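Next comes just one chain, in structure tokens: the form predicted on its own.
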Amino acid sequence: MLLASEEVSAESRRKMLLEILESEALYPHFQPIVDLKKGSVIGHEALIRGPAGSVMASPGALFQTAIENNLLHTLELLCRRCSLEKFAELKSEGKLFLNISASLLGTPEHTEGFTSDLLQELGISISDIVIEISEQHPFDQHGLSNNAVQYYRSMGFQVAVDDLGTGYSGLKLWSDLKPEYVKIDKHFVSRIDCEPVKREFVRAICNISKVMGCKVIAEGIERQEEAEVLLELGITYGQGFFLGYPSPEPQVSWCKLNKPAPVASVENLTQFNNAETALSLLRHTPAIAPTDTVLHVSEQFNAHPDLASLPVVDQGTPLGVVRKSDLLELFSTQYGRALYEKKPAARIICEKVLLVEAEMSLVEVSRLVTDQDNPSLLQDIIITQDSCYLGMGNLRDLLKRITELKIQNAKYANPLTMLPGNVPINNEVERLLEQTEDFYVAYFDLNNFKPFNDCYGYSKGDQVIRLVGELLTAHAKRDHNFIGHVGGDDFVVIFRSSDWKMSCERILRQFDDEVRSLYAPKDLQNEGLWALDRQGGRTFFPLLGLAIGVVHPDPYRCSSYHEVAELAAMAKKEAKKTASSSLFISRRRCISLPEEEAGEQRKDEVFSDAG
């Protein structure tokens, strides 16, 4: 076999390819496809390599030679068999994406049942295989048969369209085949964080995919900034060197330290203003009864030209809406007005409308809107109170307020963890006090962080801080809890869930397990490190610990967030009295107390330190 550095004639390359096909000297590699939100690997794309060190090692040279010698389909079938056999041998989990040229589907070499028979022989479920169709080769455009694709579908295979955006054919494939997955070409992913046009293209693809009910995979992610922007645009799945290289053995997980930092998305807007509800969208819109005539409905639209729809309400219960566009279309037909204007409004009612209670948070409303399968539902929001009609909401107002919340998010978020900072934390405490809600405040702080930072550098220090943020999000994120980053290595969780103590204990256990991976073997063996203390003396410091001080403020006695902050700081100070990780639960519920009651609470604090 000739080495890659040697010049090789076309005839030599042909002979090498024939030798590879005869000896089946192909080596499958698997590149992970990652869920960007969860950080989990959902599947792999099967790629192929030739003999290492030869000119045929790269897939480019291998497939180009096959095309030049009319052996592409022979090569592809062998690649498919080798990939499936290796995948079965490794007992890999998740889906396997198999590349198939469009032109192969209609050729004699493509034997019906070849893939399904092989899967049955290897013990691989058809539901785990995704047929990835590409038109990257010059003659592919003549070879695709929609019947052939539907044949695969009828057997239970899912379908993906590759290289979306590289030309008209890819978009046509998407439209014609309605695949379960589409892959955005890496051209539109590369430096998407720097190029607004690419962002808008991907945003449009994401919107279309929601309507068509397919999943989008972004290819060619090579930088963290690209992953962050894609996640913000709504792209859930990604593939590329930043997430994992092609490897002979499938990757089972995505390295946590490479995980993109959290972005300001709708999901974490609750961190900033839980008080924002659907009531803020309320527009007092006149309602019509189902027995009102269509002529009356028309008169109402004339009297309120700014309205696009009118709610239909029967004894306080909303039934749906009548849309102006539907009415105009009805009246535009021959004899339409004469036939319908005396009919009841119930004849033209549209029941596909979003009903939300007034106290529902804007984040929940937004999630309901974006999760809908039917795009026609996006236009109308009816706001109710105890299931009775209250008024209408406007999608434009919802988007405007969500945008304002995102801006507020970015303004006050900690740049390292993207968690809320001091202002939103204080606002949340004030809100809970005003509403006399029952809540706990847990103050998190790192022990021995400065010597670790001095010894290992700021980059490792930032990893520790991000680790704490990720653990809080993983174990304390509930609908009504609030996670904030005060600054540096100080965090706060405002718990309203009953499992607050269990969450804190889980965070401590996982922190102690995971932080050890950041130390050098020597320091791990010594269970600590030598560094300069604040006075400049050389001192031994134990491994990093996480101190948690918890308080249960009395909303009737605490006058402001300042008092709650002081209570939490006192509890944290007690927790930090031990160098290792610890949880201190204070019994003190306010600052100013009669001496007798204060004495009892101080006893409780000392007692609870043991917990």
Ligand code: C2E
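When you see a residue number, it is the position in the sequence shown, counting from 1. Just so it is clear, the model here is predicted, and its values are computed rather than measured.
Keep in mind that the form predicted together with this ligand is missing from the display, and what follows is about it.
Is residue 240 a contact residue for this ligand in the predicted bound form, using a 4.5 Å heavy atom cut-off?
Contact check for residue 240: yes, within 4.5 Å of this ligand in the predicted bound form.
May I ask you to check whether residue 162 falls inside a 4.5 Å heavy atom distance of this ligand in the predicted bound form?
It does: once this ligand is placed as it appears in the predicted bound form, residue 162 has a heavy atom within 4.5 Å of it.
Check whether residue 46 has any heavy atom within 4.5 Å of a heavy atom of this ligand in the predicted bound form, and answer yes or no.
Output for residue 46 is yes: heavy atoms within 4.5 Å of this ligand.
Considering non-hydrogen atoms and a 4.5 Å limit, does this ligand approach residue 39 in the predicted bound form?
Residue 39: no, not in contact with this ligand in the predicted bound form.
Just one of 215 to 223, 446 to 454, 529 to 537, 460 to 468 has heavy atoms within 4.5 Å of this ligand in the predicted bound form; which?
Stretch with heavy atoms near the partner: 215 to 223.
Could you tell me if all three of 79, 101 and 132 have a heavy atom no more than 4.5 Å from this ligand in the predicted bound form?
Yes, all three are in contact.
Taking 4.5 Å between heavy atoms as the contact cutoff, choose which of 582, 586, 54, 31 touches this ligand in the predicted bound form.
Comparing distances to this ligand in the predicted bound form, the residue within 4.5 Å is 31.
Please pick, from 95, 186, 198, 401, the one residue with any non-hydrogen atom lying within 4.5 angstroms of this ligand in the predicted bound form.
It is 186 that has a heavy atom within 4.5 Å of the partner.
Using a 4.5 Å cut-off on heavy atoms, which residues of 52 to 76 contact this ligand in the predicted bound form?
Heavy-atom contacts to this ligand in the predicted bound form: 59, 63, 76.
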